[in-house]
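Just the one chain here, laid out as structure tokens, in the form predicted alone.
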């Protein structure tokens, strides 16, 4: 009897945990790890052509594709464009998200209908990028479109303006779309981080007479270091991987002013000569750039205690 009870007590359910996690690992190996390793391999080959599965490793000059990409003026332009568009949307995005976070989490000014406002602010993030691109293409359409009609009717312009034919307006439109789609998501992440802070800290600060500004900058922000690090890194990864909005909106035009790094990679691998090897090399270079700047963010946001 004692042996039976002991066996029941020592029975392990760990194998069921491994069994339930097996589908994830299989999906990760097939759809993430294998394509990544295969892409690294292609960067050192002469792979070229749609449907051509035969390729050879460049033994004499394995870094040929990487040097070719780094020397390409279009690649350097795409990297500059990507960083510019990311900074143009991320700075106002994180600023507005922090202001809304301070507003929603204020203990002295209880906002009514917070759930409604959070849903409204987050809603642009659930709309597909293709739909948003089509929407803004219609809004800024030429010669007829709601924005042009409004400007002409208000007397601000005598005739319609072709927004998508000029670099600066197109960049600002792309940056605004990215900002509009993601500020609500960033706000939700920051609000969740604030709600995870021990409320006794805020109560003690209020008893000591701290103002809302002092509470936010001296208590809230320092305790959000981990959440801010996550937000910065994920925004960096998403921003430097920007593809759908500039592609669908104006295909990187005019004059490649909104050509991003991922669009450059797509054009190398799946357009023109189908240079898979150069596309793979460009993607690895982009990966190293993202890893480098992510490392800088982790270093700057580290706990200095």
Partner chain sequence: MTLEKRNGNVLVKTLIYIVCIFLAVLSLFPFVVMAINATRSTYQIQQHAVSLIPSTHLMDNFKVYTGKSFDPMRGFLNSLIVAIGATALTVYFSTLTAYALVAYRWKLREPFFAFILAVMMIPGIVTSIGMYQFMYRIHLTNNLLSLILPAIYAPGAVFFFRQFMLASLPLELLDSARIDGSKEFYTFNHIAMPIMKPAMATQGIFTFVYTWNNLFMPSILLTKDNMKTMPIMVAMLKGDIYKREHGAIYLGLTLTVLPLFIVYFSLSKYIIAGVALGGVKG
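C-alpha atoms forming the largest set that superposes within 1.5 Å between two forms make up the rigid core. This one's a predicted model, so the numbers in the text were calculated from it and none came from an experiment. Residue numbers count along the first chain shown, from 1.
Same protein, other form: the form predicted in complex with its partner chain, not shown, and the subject of what follows.
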Which of these residues, 165, 198, 138, 158, gets a heavy atom within 4.5 Å of its partner chain in the predicted bound form?
138
Proximity to its partner chain in the predicted bound form (heavy atom, within 4.5 Å), stretch among 111 to 119, 199 to 207, 165 to 173, 87 to 95
111 to 119
Using the partner position in the predicted bound form, report whether residue 68 sits within 4.5 Å of its partner chain, counting heavy atoms only.
no
Flag residue 62 as yes or no: does it have a non-hydrogen atom within 4.5 angstroms of any non-hydrogen atom of its partner chain in the predicted bound form?
no
Does the 4.5 Å heavy atom contact test between residue 46 and its partner chain in the predicted bound form come out positive?
no
Does residue 127 reach its partner chain in the predicted bound form, with heavy atoms at most 4.5 Å apart?
yes
Neighbours of its partner chain in the predicted bound form among 190 to 211 [non-hydrogen atom within 4.5 angstroms]:
192, 193
Taking the rigid core as the frame, does residue 28 move its C-alpha by 2 Å or more between this form and the one not shown?
yes
Using a rigid core alignment, state whether the CA of residue 91 is displaced by 2 Å or more between this form and the one not shown.
no
Shift of residue 154 between this form and the one not shown at or above 2 Å (CA, core fit)
yes
